[in-house]
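The chain below stands alone, shown as structure tokens; this is the form predicted on its own.
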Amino acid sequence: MTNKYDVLFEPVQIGPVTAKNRFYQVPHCTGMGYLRPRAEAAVRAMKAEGGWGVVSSQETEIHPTSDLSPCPENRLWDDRDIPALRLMSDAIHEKDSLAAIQLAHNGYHAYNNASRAPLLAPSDISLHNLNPKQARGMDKEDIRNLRKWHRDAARRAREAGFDIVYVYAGHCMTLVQHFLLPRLNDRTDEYGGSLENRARLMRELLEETKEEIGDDCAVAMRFAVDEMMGVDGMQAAEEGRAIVEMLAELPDLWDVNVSDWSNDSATSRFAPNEGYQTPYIEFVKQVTTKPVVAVGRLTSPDLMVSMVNRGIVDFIGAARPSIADPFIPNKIKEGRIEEIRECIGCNICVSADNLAVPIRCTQNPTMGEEWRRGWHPEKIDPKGEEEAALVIGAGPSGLECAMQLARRGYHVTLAEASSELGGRARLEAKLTGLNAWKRVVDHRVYDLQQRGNVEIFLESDLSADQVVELGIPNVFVATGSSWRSDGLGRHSRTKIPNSGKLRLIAPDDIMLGKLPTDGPVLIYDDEQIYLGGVLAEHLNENGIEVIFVTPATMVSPWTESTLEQGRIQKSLIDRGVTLRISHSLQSIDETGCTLGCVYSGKDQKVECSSILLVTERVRNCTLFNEVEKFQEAKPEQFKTLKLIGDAASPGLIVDAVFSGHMAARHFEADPDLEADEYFQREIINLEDGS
């Protein structure tokens, strides 16, 4: 019988190599790279095991003049880097997938903070992000050197076992793309001026890479066809298309997307639809006979099939969806579509790379832990000697803990005080722009509902006596946290003076649908993560005037790490939200409040009808403390009593999910496991002194 998804599992020729199916994990960073090569290899091997026909590395520096420190990407500076990368290609090949490597010289995007090498660019240019160094315009010798470095790296990539080698011109991060852009390239020689001249380096690297390794390896071109800047940047309808037409048959594969990174990896908050890049890249297959791969946070198998059948792509590209669920291909092939952990587009994975730490994922708590903790997204050890567990609280931590305990074979009782499952993930998903976050709840609730060893009780606000009365010896308490109402936060560690005559609103009230009936509402965001900005948009969307105040120098500064900050601040400005940046809340009276400049201390009075405090959370651990006292009196009553999620340590949803997952994994494990072997580390070998 023909399966409507069979087209996704057809082999596709890419130059001299053949992919077994149309699932293509495009290059993405992991925060592991040359510092943690075993962990890097394990991440990619898991994708291959999950059925991806092609599994790519992250960007790979080809020379010390492209040093991305402190971010640990991959490196092919010289032959000594080959063995670490061979670990990756071997691990991918063992699972019957093709291994791809993305060679990169990042030009002025690489700060060279560790190598202290000169910074290179098409023309003299100052750098973004306040780097104090200027890049120099490359002379002809620099260009000849770059071409040699790239050719040498391609040869090393082949020796390291890779099947597909990239030339990379995307995300406004690489010299190849920088040469294409007139605002960065004001040269008057054969590498500047006309489009053909600006594309000369791109052509040379493609030709020389094919010449060096083309009989053995495919050569891929990763190219951002549109910068999403309108007439101020490259546009797909004009120069983007012209470049593809000019070089159409030269690479063995076109990997096309939009630029910069914040557009290519746009969050669901600002790009809610799957396939959001399609309007920009759909022309490519019209002008080349070579296979095309593209992305767009694709998780729907039906949309994937449609894109192939409509002749938009040959390969379904994915970075973030392959992180959320490395087993998407196998689940589609095996008819287990309902089990797919769909990406929520939160960019927590991106934030890890920006923080130069190992990758993590809200939906997939095993991401980044494949080697160092030995975790597998689809496998977990069976239960030990115990038979049953009680999980109190069905937020993201409680749901994950209950699901994993049930998968291990324990009888799980899940008690939730409210009338719905999901906790903060369900409530935050009701806010403007965060609808996709409900996937955190939906995936886990669906899994629990399929299992016969799970009992779920709603509207069960248990007391300590009731917990004892249930007689279940293993208890996991995931009762979450609540927002403070006294103003304590990052900036102020003392309670804000308050006359008690002005209405105070908590974020919990808004998420429960209790909107104020009048304005203006002053939001005081001293948490400075994401929720304050979300709440401002949400109230504005509901027709309420908002004044946004924060001690930070920008709105929601943490969201720089998720590539959203600029969009958030622009959205609030466009909506007409009044911004008071770099101001703290000094006092509250019956008509409003007094703000103080965090630099000068100068006060100003602001009138408002109510104040929404987004400052800090209080852990809801009263129940745990009461049960713990009972356990101290009668230690035989409970074998396990563990506080997890926000009740243990308030953080992001990703942290809550991880906490619940780890608690379930470690249940009945060696008690010294967590203390003595938190995770494996990769240690530099100094034996040979090299």
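All residue numbers are counted from 1 along the displayed sequence. If you're wondering where the values come from, they're calculated on a predicted model, not measured in any experiment.
Unshown form predicted in complex with ligand ADP; subsequent notes refer to it.
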item: Of 401, 175, 220, 478, the one that lies within 4.5 Å of ligand ADP in the predicted bound form (heavy atoms); value: 478
item: The single option of 269, 424, 150, 444 touching ligand ADP in the predicted bound form, heavy atom within 4.5 Å; value: 424
item: Ligand ADP in the predicted bound form: contacted by all of 26, 251 and 294, heavy atom 4.5 Å; value: no
item: Non-hydrogen atom contact residue 202 with ligand ADP in the predicted bound form at 4.5 angstroms; value: no
item: Partner contact for residue 541 in the predicted bound form: ligand ADP, 4.5 angstroms, heavy atom; value: no
item: Close approach of residue 395 to ligand ADP in the predicted bound form, 4.5 Å, heavy atom; value: yes
item: Distance check, residue 623 to ligand ADP in the predicted bound form, heavy atom within 4.5 Å; value: yes
item: Answer range among 415-423, 531-539, 592-600, 574-582 for contact with ligand ADP, defined in the predicted bound form as heavy atoms within 4.5 Å; value: 415-423
item: Contacts with ligand ADP in the predicted bound form - residues in 447-464 whose heavy atoms fall within 4.5 Å; value: 460, 461, 462
